[in-house]
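Here we start with a single chain on its own, the form predicted on its own, put down as structure tokens.
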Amino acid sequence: MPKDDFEKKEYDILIVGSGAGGGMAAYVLATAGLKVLMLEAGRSYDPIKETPMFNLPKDAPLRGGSTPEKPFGFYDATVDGGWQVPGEPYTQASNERGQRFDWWRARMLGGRTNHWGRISLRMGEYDFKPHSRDGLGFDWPISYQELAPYYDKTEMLIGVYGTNEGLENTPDSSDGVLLPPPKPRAYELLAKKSCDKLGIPVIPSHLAILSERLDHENIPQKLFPNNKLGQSVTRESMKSRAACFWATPCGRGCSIKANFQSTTVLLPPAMATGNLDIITDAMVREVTIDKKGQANGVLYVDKNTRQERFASARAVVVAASAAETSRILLNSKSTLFPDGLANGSGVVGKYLMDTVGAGIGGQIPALENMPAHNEDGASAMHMYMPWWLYKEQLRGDLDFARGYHIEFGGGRSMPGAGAFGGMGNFTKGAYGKDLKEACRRYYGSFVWFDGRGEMIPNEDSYCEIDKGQVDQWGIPVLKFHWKWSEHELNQAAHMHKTFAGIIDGMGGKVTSTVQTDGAKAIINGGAIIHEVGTARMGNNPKNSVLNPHCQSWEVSNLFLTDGAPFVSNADKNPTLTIMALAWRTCDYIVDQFKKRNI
């Protein structure tokens, strides 16, 4: 449909962004019968047609290795995007290590959900009330119990494998929600043996990958008990999804729909309702308001014609990613909102957070000369370690206030570019036949451990409009300010020490430098791509942007459904919570439409 026709239609909801939050909003609102227009800044993308699932490393430039244009390798699903997007710069207040925020963007339909690691962890009771627990940061205006039903629904819809272990602040799903996890691999079992001695729990991972096909006969009715349209489109969508055949990396995308992507799980059933229209290559500049201060649409740049256009709706949902959402709000200035839309509190852009990251690797002699064996399974981990020192932390035994979980890998998967990097440290200059024998000996004996920890929000980490620079579309860009506190730095140092202990317990040798200085161990802000905060929800309009329903305090028909509303950033990867929170918000929006409050 031509863009002029879209602009002539009347829409109930306009959604900016098509990733986890935007895709979920489109799905819930369209199945509820509302007319929805979605704007996506990137190009259209169809994983079924475009995913190179069975291409081998030898078929790609540099054997599929990383380049500045494709940092995660040639086959990564991010077709347009990365930490640098041509023509769309951002600036840093400082380029010093530990003071910069590297901003990842995915300019494509489905956004980051095409690329992400599929790790799907629920936040726990402590995570929603961190200030009440230790006096740091802020409490959410909602509790775990309020979001738990939406975690269940989201897990049933997207398909998450894992188990219920009953561990502290690691919530169980309701019975029958989770899919069975794949069996652990040899190196994972060896790591568990080491961790058992150290008192570190090792349990099946929770990943949004179908270990078996979804129950399309019963799940749709559980999700939409009184909604025949929702049941119908969800049932057909679930029938189209195959179980994973444990063959290719999820980061490439999935043409059989076995893993979760907005483009395979959320947008197709939303489109099937007939209630969703999508415009791609639409770079939103600002949200517009009427004389009463209510949102009435957005101005966007058609990237193909470079013309500015206007799209209208009765309500606006912004889910462009946390920082991009704040950029849009801060650029939406008017006489009613001179400091940016919905920014009477001055909090828009503030309290930006990412996940704390640090890691080391090791070589395990016990895994040398392993006979060839089947390591089929998910391209990600089958097991992980949730945080285990809550009681010690609460007593003050540690020098950092929040925890981390451990992700780890290794094994004998398909060798890619750099698979034998660092072999010279073990082969003593072997060449020819000796080198080949050494590669066979050592391949599969290397492991890595990465921590993913909670960052406490602080006033020195935020984004603002850089008044001196615009992107190629004429839109003012963001400038990032970043600072880790001592809590995060000490946490990163603790990660290194812990991982070294696990490797030692496996009978291995650490192949990285174990840093006692957290500033040297920690990865730059933004590098983990868990960008949240900048427009937090709360109970008080004086110090928050949104109410407990992710609705603007000042503009009642404006909602945010990405990571921007996050009040804290627990050590649990945020995508599952983004989707659960978006579903809850959209149920509220539907209710407000029914009551004619919008």
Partner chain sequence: MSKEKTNLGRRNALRLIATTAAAVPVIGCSEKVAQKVVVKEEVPAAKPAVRNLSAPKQTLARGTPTDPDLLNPVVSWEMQLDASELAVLVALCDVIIPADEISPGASSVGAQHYINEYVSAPYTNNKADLVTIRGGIVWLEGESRRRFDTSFTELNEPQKAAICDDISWTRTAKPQFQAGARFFAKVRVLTTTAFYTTEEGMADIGYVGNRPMASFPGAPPEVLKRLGLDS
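What you see is a predicted model; the values in this text were computed from it and never measured. Positions refer to the first chain, counted from 1.
The following text describes the form predicted in complex with the partner chain, which does not appear among the structures shown.
Contact check for F72: every heavy atom lies farther than 4.5 Å from the partner chain in the predicted bound form. Taking the partner from elsewhere, F224 is found to have every heavy atom lying beyond 4.5 Å of the partner chain in the predicted bound form. Interface residue remark: P86 is counted as part of the site for the partner chain in the predicted bound form, having a heavy atom within 4.5 Å. Using a 4.5 Å cutoff between non-hydrogen atoms, T163 does not count as a contact of the partner chain in the predicted bound form.
Note that among 180-188, 384-392, 462-470, 266-274, the stretch whose heavy atoms approach the partner chain to within 4.5 Å in the predicted bound form is 180-188. Comment: the partner chain is not present in this chain, but in the predicted bound form one of S132, T335, N304, N95 has a heavy atom within 4.5 Å of it, namely N304.
In summary, among the residues V510, L367, M283, I528, the only one with a non-hydrogen atom within 4.5 Å of the partner chain in the predicted bound form is L367. Contacts to the partner chain in the predicted bound form (heavy atom within 4.5 Å) from stretch 433-463: K433, L435, K436, C439, R440, Y443.
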